[in-house]
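Take a look at this one chain, the form predicted alone, written out in structure tokens.
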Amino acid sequence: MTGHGQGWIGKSFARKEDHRLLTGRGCFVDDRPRPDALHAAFVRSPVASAARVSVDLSEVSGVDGVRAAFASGELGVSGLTALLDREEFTATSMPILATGAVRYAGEPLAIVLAEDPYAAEDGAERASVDFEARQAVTSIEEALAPGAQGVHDELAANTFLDVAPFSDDEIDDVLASAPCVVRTSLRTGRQNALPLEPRGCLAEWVDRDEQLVLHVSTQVPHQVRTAAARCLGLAERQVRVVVTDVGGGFGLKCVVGREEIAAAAAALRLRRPVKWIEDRSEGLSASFHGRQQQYDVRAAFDAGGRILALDADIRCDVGAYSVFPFTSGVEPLMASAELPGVYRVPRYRARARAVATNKAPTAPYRGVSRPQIVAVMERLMERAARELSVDPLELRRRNLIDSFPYTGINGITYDPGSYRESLDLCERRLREEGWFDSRDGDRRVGIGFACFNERTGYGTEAFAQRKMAVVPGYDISEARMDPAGWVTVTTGTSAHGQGHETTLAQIAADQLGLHPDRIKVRQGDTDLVSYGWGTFGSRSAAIGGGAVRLSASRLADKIRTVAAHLLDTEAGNVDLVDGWCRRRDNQEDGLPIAEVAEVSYLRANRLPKDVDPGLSAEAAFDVLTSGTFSNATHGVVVELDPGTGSPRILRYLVVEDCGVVINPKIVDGQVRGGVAQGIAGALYEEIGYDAEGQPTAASLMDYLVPTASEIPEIGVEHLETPCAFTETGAKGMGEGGTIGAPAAVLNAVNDALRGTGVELDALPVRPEHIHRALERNR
């Protein structure tokens, strides 16, 4: 990092995109007008597991408006296969349309194309599916049981990935002799990210360009292009993916959906545009899920409360398929690598598995295993504190990493943060507000804390360590000034609500001496940006922002060079300020930046001899370390209803440090949105499955999404430790709210239950769980 720039970084500049979005002028996939488009609906499997599946589409064409229907094998596409270069990983292919066998209820079997979506759905209902049902595997326990039905023939013990990345031959001796050993068996429920805009796409073949244009609601346009080209047998130049506005993704849209490929294949076959818009029932039951994991962890402490060793067995229910490009290994690999978190752990052993079941596949949902590993570590801290009769906050302080850079037992190097300071401030605020006194009365009031770091800005090196065949990481940006002095900045990141048009414009504005309103950020078009990895893993500000800063800086250098020639001085003597090129030695002497732009394009005869016409620059940026690490402490006060056990959140406070805060308003919004999603996972949302593998939450009547009535006001305070590994000093922070909330809420509920003998280690915690646990302990 080389400084904060000229002042736009750090300002709560109003989001440039909000006027468009809040006045109904956003453009989502379903808003794109194509009167000649055919609408797609999918014939989906009625059962979770079956062999010898066949689909009869003969009755489908009898529905008015239906124009075509295709089952697997009729589209001419190959399946999606995600790869890890690991011996412990078994690759499987996800067919675009299932054939021969089905592996979860709702799996697509055929695509029906009609003149309107209602006819397409009617046609899909006319399809007849013949199958030989098999016993569904619906839980991790069933999947790992000896003799269990295999979800895929090629998987041993229904396991996509079984790794032991950290071993220690002496850890059993340490655990056996430690003064204090505590355990937790944490279980987390299956969730759906439930973006406001469901998945969807519009595919059309453009003869003039000999190109398939795929408008799609995705976080990763270039990865969709790569996958579509491979599946359809096209060159990458023959596929253009366009992403306009996206109404949320949260990880669910950072993998490639088979419906998108099927719609594209149908458009190629029929030479007509094809649109598919997922409905809410499909979204809940048949899209990508997340979160369902199990942890059995032991931690040894010395008599002074310091961790001696950590031993973990991690099992992730990843559903029926490995997703492209991240694979089913993303959750267990991240969980095992990052479990120690903010604490010094001298000895560590971990085994982590990706377990196949007959459920919808999982995508790397916001936070990706970190909500679970933070909950595990924070439960262990609470238990050890009680066993050792030490204040739980004091126990945390004794174990927090407090010297940086720090390389942990997991091989990860943590950049400087404010781990202790954030805990101190969070505790101090809640004490000042009197919440600790509220625990002394007759009410069941509990206070919970969670300390964590959020690994963000995973660059190429960090992803390569996972041994992915497709390695994300860097990003590319171009900054281009037009003849009137307005700037277009491209980015390989792709926003789905984060405010990139504003944040990235602020970064460029500081380099160019312009108002952010004179800078247009373009994203989400694979013909516009050579390659980019999209938006996931809290990477956009840290990596995408770094590329933007570099490209804008290089453009600024060229502007200074031209201006210096016109002002008869040296480039190093020119400042770009408020739309002007000013001589540093005489601020009264200068010329508008727009004049430099005009000369660069329209009066090139005035340029220096060695300067090419035009004003543009390109740059790439990558984080060449373990990543960047934001950190935070969440503090939450919960009261339990004495009759129903229902938890009510009285106070929620976040003290977080994401390095340089580029736009405080946007950062606060990200934190609060994340906390709301974390509370949803802690107290409300869960997709269950019955014994036959049917999802029990197929509508919003069944899937409890918290509303503004359930989400409290969320206080946010910032600490700022600039990151040395990024151009802007910023660390990513988009997932932290989601990561910290489940642990803090779970600890608060357990604190409210102190003295009852009840301790809960499963999420979500619902009133019936609390009530039943209290009844059992009476």
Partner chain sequence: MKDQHLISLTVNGEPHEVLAESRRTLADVLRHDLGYTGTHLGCEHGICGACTVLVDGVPARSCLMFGVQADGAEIGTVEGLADGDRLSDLQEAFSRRHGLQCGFCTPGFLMLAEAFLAENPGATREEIREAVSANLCRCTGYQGIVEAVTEVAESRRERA
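Predicted model, so just to flag it, every value in this text is computed and none were measured. Numbering follows the first chain given and starts at 1.
The discussion below concerns the form predicted in complex with its partner chain, not included here.
Trainee: Hey, in the predicted complex, is E768 touching its partner chain, heavy atoms inside 4.5 Å?
Mentor: No.
Trainee: With heavy atoms only and a cut-off of 4.5 Å, decide whether R370 touches its partner chain in the predicted complex.
Mentor: Contact check for R370: no, nothing within 4.5 Å of its partner chain in the predicted complex.
Trainee: With a 4.5 Å heavy atom cut-off, would you call I714 a contact of its partner chain in the predicted complex?
Mentor: Yes, contact at 4.5 Å.
Trainee: Is E501 close to its partner chain in the predicted complex, meaning a heavy atom pair under 4.5 Å apart or at it?
Mentor: Although its partner chain is absent here, E501 would stay clear of it in the predicted complex, with no heavy atoms inside 4.5 Å.
Trainee: Could you check which residue among P325, P198, G473, G446 gets a heavy atom within 4.5 Å of its partner chain in the predicted complex?
Mentor: Checking each option against its partner chain in the predicted complex, the one that comes within 4.5 Å is P198.
Trainee: Can you pick out, from L80, A385, A680, V521, the residue that has a heavy atom within 4.5 Å of its partner chain in the predicted complex?
Mentor: Answer to the contact question: A680.
Trainee: Go through 585 to 593, 93 to 101, 245 to 253, 547 to 555 and give me the stretch that gets within 4.5 Å of its partner chain in the predicted complex, heavy atoms only.
Mentor: Result of the contact check: 245 to 253.
Trainee: Even though the chain is shown alone, can you say which residues of 121 to 147 have a heavy atom within 4.5 Å of its partner chain in the predicted complex?
Mentor: Going through 121 to 147 in order - heavy atoms within 4.5 Å of its partner chain in the predicted complex - there is one hit, D122.
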